[in-house]
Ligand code: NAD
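Shown below, as structure tokens, is a lone chain in the form predicted alone; questions about how it binds or moves come after it.
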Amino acid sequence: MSAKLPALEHPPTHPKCTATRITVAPGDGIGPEITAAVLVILSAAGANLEAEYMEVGERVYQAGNTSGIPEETWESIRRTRVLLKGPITTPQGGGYKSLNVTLRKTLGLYANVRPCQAYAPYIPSRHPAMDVVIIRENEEDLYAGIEHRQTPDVTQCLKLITRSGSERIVRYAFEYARRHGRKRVTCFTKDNIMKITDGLFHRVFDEVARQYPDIETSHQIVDIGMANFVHRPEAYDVVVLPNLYGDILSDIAAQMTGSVGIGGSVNIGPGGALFEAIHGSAPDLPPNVANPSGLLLAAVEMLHHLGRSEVGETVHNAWLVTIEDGIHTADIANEATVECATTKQFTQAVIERLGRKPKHLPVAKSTPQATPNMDAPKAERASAVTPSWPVEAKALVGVDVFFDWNVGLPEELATRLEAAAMSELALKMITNRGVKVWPNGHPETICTDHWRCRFQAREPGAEIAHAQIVSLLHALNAAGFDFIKMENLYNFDGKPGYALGQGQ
């Protein structure tokens, strides 16, 4: 359903512009209420938007659609390429996909951008100087969602980091910093442990950073980095992270500003842009109590994205004046609160302050496109894009075969495997949960029923053929082994593209 946004009886005068269509999904719980509040404010500010109202979330799930998104909503997003989405409720129990993950991955919304700014003393924060932008990779990492139960005792989740995805998000972070006059970009990874996956993200960060000599850069190990961030967020400007770390840090940072309820989120990529609050649907909250600020600040970013930066500035400043004047919803009420406002009262207060600027908080200024378009050509798929990195010589040098086995010690497994293999490939190593247990293992190591067994050519460093791996698997099957997974081992330009076992 398409509709003009609700207008006031006497809207303020604004420069004329053609109405822009957007997709609006009010969502569940408090979603419809705060979405309506935001749309009224945008209309009063002269945003001149035309909404296609679409349904996503709980009712769609309950109707049997496991993604929570009907086809007509997909069609609307493809038309408008902009989605303003209220929070949604995912039904309890298994079998339901994450709607947000589905949207991000299906549409290629690879960048999640979360501005996190303190508004002290009007919204109390221990870090009044905090003004940070968290830029999180949105599609890869452990959130690829590739999980398996492999033995009675062991499950796995694959962590996928690509060079192309890392380069895309890192370059986006630097472009964002440059366009917004930010001076520093910091990268967090855990590449002291995950040397191949997080190591790739770190290397790409360093490579891209050299192309932006006007911007300061630093890298920190994620655990001490987050500890430092919580202690001194004012030391950070733009932070770019892989998916999981970014998810964690962005919520921490939002809470540090004073309330998660004022946090807005942008998701951007070749399939369009998604704007949403970072909080949930709060289905138990009574009517006319919810704070629309998170979704409103996301909508401000949407206006910048649509080229309506002047209107975005007007809305943002009116919101800042409202906060300065002590008109707060219950979730952010504090000693500085003059009026504890309902949702409708807060909405009206923002509208009444359109055209005013704050006296004490930093004035919001018009910016260039708030979410710079760093997208690859829309028609191309990743497999069709010419790599931007050097092509390396790839050589197959072995295979890791994983077994479900629980009938003896590592030495017994090694003896049985060596007897069964009977091929050109030799058993070189056995690990359990990543720790080497054969040869020369330690009796104190706790083992489970999940074993990684490495086979390579008997001549060190020699290349092998796929046929040899097939022959090995036939022999292992004939010997009654339950192999549950295999990973080929490759060298790239002579360097191992696989991890050694701990203790090796």
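Numbers for residues come from their place in the sequence shown, where the first is 1. The shown structure was predicted, so the numbers you read here are calculated from the model rather than taken from an experiment.
There is another form of this protein, the form predicted in complex with ligand NAD, and it is not shown here; the text below is about that form.
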Quiz prompt | in the predicted bound form, the residue from G355, G408, G145, P283 that sits within 4.5 Å of ligand NAD by heavy atoms | solution = P283
Quiz prompt | The unique member of D331, E313, D400, E167 whose heavy atoms fall within 4.5 Å of ligand NAD in the predicted bound form | solution = D331
Quiz item: So which of 270-278, 214-222, 157-165, 132-140 is the stretch with heavy atoms within 4.5 Å of ligand NAD in the predicted bound form?
Solution: 270-278
Quiz item: Would S125 sit within 4.5 Å of ligand NAD in the predicted bound form, counting heavy atoms only?
Solution: no
Quiz item: Is there a heavy atom of I88 lying 4.5 Å or less from a heavy atom of ligand NAD in the predicted bound form?
Solution: yes
Exercise. Evaluate N100 for contact with ligand NAD in the predicted bound form, applying a 4.5 angstroms cut-off between non-hydrogen atoms, and reply yes or no.
Key: yes
Quiz item: Counting only non-hydrogen atoms and a 4.5 angstroms cut-off, does V185 reach ligand NAD in the predicted bound form?
Solution: no
Practice problem: At a 4.5 angstroms cut-off on non-hydrogen atoms, which residues of 185-208 are near ligand NAD in the predicted bound form? List them in order. | Solution: none
